[in-house]
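One chain comes next, on its own, written as structure tokens: the form predicted alone.
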């Protein structure tokens, strides 16, 4: 069967980025078994030929009304699919879906009937929020970075902006490449509407990366690689902090004056 990616280089490139990031998540140990989810909004890459395709499934409910993503298209990791497999065969472990005009259901268009991530409503709710705000962000990534999750097992790291300040101070690149810091969501049932709404609320409070207590990280950005990069630099800072602890001391971190200088030189939020 011919893939929808054939003769569509821009679409193939975006799906290829997802596959590349999926490989990184697996290599880093952040995507055990079928852990983690990725969705990207590909609406801007849809051509007339794609619009004319007959869906391969009947409509399926989202269980939410999401008016801002009416007629939008998404590539989604498949439910119960492994990141390591998606890295090798993205269209055999994910699918392309279209949101129907009722804004409450979707159909799978290509390449096969691979049911999207079980957290699809949460991801689509985030995309709906982003489009409603006029955001250029088109990618959502959820994964389980070991060191960042470990920090959430201590109450101090769950206090507002404590993690941001400490992680920013570990190495200059962290604030430069994750300038909005990291939001915190206390433990909630994975896949729940409550967790989805709390994550949207955190992003609405000016964060691009949200740390879920004892669970993982959810990041949004212009594309999947940029979302991954933010998680990666934050986890590098967590590794530096933990390495210092393992050497027998608490890392001093950059001073407030050094952080201020960094913000001014690189025109970062203060």
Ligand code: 13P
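Residue numbers count along the first chain shown, from 1. Note that the structure is a prediction, hence the values are computed from the model and not measured.
Just so it is clear, the following notes concern the form predicted in complex with 1,3-dihydroxyacetonephosphate, a form of the same protein that is not shown.
Trainee: I'd like to know whether residue 35 contacts 1,3-dihydroxyacetonephosphate in the model of the complex, with contact meaning heavy atoms within 4.5 angstroms.
Mentor: Taking the distances in the model of the complex, the answer for residue 35 is yes, it comes within 4.5 Å of 1,3-dihydroxyacetonephosphate.
Trainee: Using 4.5 Å between non-hydrogen atoms, is residue 117 touching 1,3-dihydroxyacetonephosphate in the model of the complex?
Mentor: Yes.
Trainee: Is residue 236 a contact residue for 1,3-dihydroxyacetonephosphate in the model of the complex, using a 4.5 Å heavy atom cut-off?
Mentor: Residue 236: no, not in contact with 1,3-dihydroxyacetonephosphate in the model of the complex.
Trainee: Going by a heavy atom distance of 4.5 Å, is residue 165 a contact of 1,3-dihydroxyacetonephosphate in the model of the complex?
Mentor: So residue 165 does not count as contacting 1,3-dihydroxyacetonephosphate.
Trainee: So which of 186, 190, 136, 101 reaches within 4.5 angstroms of 1,3-dihydroxyacetonephosphate in the model of the complex, heavy atom to heavy atom?
Mentor: Here the answer is residue option 190.
Trainee: Counting any non-hydrogen atom inside 4.5 Å, which residue from 60, 70, 28, 215 sits next to 1,3-dihydroxyacetonephosphate in the model of the complex?
Mentor: By the 4.5 Å heavy-atom cutoff, the listed residue in contact is 215.
Trainee: Looking at 104-112, 73-81, 170-178, 154-162, which stretch has residues with any non-hydrogen atom within 4.5 Å of 1,3-dihydroxyacetonephosphate in the model of the complex?
Mentor: Checking each option against the 4.5 Å cut-off leaves 73-81.
Trainee: Which residues within 136-156 place at least one heavy atom within 4.5 Å of 1,3-dihydroxyacetonephosphate in the model of the complex?
Mentor: Heavy-atom contacts to 1,3-dihydroxyacetonephosphate in the model of the complex: 142, 144.
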